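The data below hold one chain only, encoded as C-alpha cells and taken in the form predicted on its own.
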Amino acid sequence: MTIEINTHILLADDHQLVIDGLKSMFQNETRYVISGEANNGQEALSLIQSDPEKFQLVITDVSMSHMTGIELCRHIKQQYPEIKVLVLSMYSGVSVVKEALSAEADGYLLKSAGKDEFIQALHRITDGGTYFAQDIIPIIYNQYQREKAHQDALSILTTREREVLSLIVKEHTSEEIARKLFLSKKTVDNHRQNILAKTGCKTTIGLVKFAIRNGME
C-alpha cells in the first residue's frame, strides 16, 4: 500500500480573490494541503518563522505591500532553503524574471496560466525539479546569453555530465534523468554533485543559470 505524503502550502497574495481562486484549484488535489495564507510578504514570512516545518511550498505573488514576493523568496531561501517557492505574476518582463532567478525561486508562472499548467508546475517543483513558464524561457535565455563571458565554461564537464546538466535545465528530476540515461538514481545524484562542485553552483537554479549563460539549450 502506497502512503501519499501531503505537501503543505502557504499562499501569499494581497488579493483575497486570488487566494480563494487558488484554493479552489486544490479541491480535488489530495496531494496538496493549504495550511496557511497571507496578504503580504511580511505576514507570510512571520508564519514561516513561527513554525518552519509547517510548510513545504510557498506560492507567492510578486507585487505585495510590506515585502514583495521576490524579497519573501530571498528570505526563505536564505533561512529555510528546503522550502520550495513558486512565484506567480502577471509580469513577464526581463527585470522581474531576472530578480526571481536571483532570489533562487524554484518556479515562475504567469497568472494567465490554466489549471493544468499550474498543477504541472506544482508536481515538477515538489518532485525536486523547477518550472518556468514557456513564455518566459526565451527571456531567461536571451538575458543570460548576452551576459555570458566564458565560451569554454562547459569544457570542465565530461560528456555524461553535460547530458545530465542538459536534462536538469529541461526540468527533469533525478529519477527521470536516470530512466532516460539508463543510470541509477544514485549515479545521477553523484553526477549532479560533481557538476555543482565543478561549476561552483550551490543549487539547481544556479546550474540552470550556468547552463543558460553558457549557451546550453
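The numbering used is simple: start at 1 and walk along the sequence shown. Between two forms, the rigid core is defined as the largest C-alpha subset superposing within 1.5 Å. Keep in mind it's a predicted model, so treat the numbers as computed, not measured.
Same protein, other form: the form predicted together with the DNA, not shown, and the subject of what follows.
Peer 1: Establish, in the predicted bound form, whether 40, 43 and 66 all lie within 4.5 Å of the DNA, using non-hydrogen atoms for the distance.
Peer 2: The answer is no; none of 40, 43 and 66 reaches the DNA.
Peer 1: Using heavy atoms and a 4.5 Å limit, would one call residue 166 a contact residue for the DNA in the predicted bound form?
Peer 2: No.
Peer 1: Check residue 173 for me: does it contact the DNA in the predicted bound form (non-hydrogen atoms, 4.5 angstroms)?
Peer 2: Residue 173: yes, in contact with the DNA in the predicted bound form.
Peer 1: Indicate whether residue 27 is a 4.5 Å heavy atom neighbour of the DNA in the predicted bound form.
Peer 2: Residue 27 lies outside the contact set for the DNA.
Peer 1: At 4.5 Å between heavy atoms, is residue 192 in contact with the DNA in the predicted bound form?
Peer 2: Yes, contact at 4.5 Å.
Peer 1: Heavy atoms within 4.5 Å of the DNA in the predicted bound form: which stretch among 29-37, 66-74, 155-163, 51-59?
Peer 2: Stretch 155-163 is the one.
Peer 1: Quick check on residue 11: with the core superposed, does its CA move 2 angstroms or more between this form and the one not shown?
Peer 2: No; that C-alpha moves by less than 2 Å between this form and the one not shown.
Peer 1: After a rigid core superposition, would you say the CA of residue 29 moves by 2 angstroms or more between this form and the one not shown, or not?
Peer 2: Residue 29 C-alpha, core-superposed: shift of less than 2 Å.
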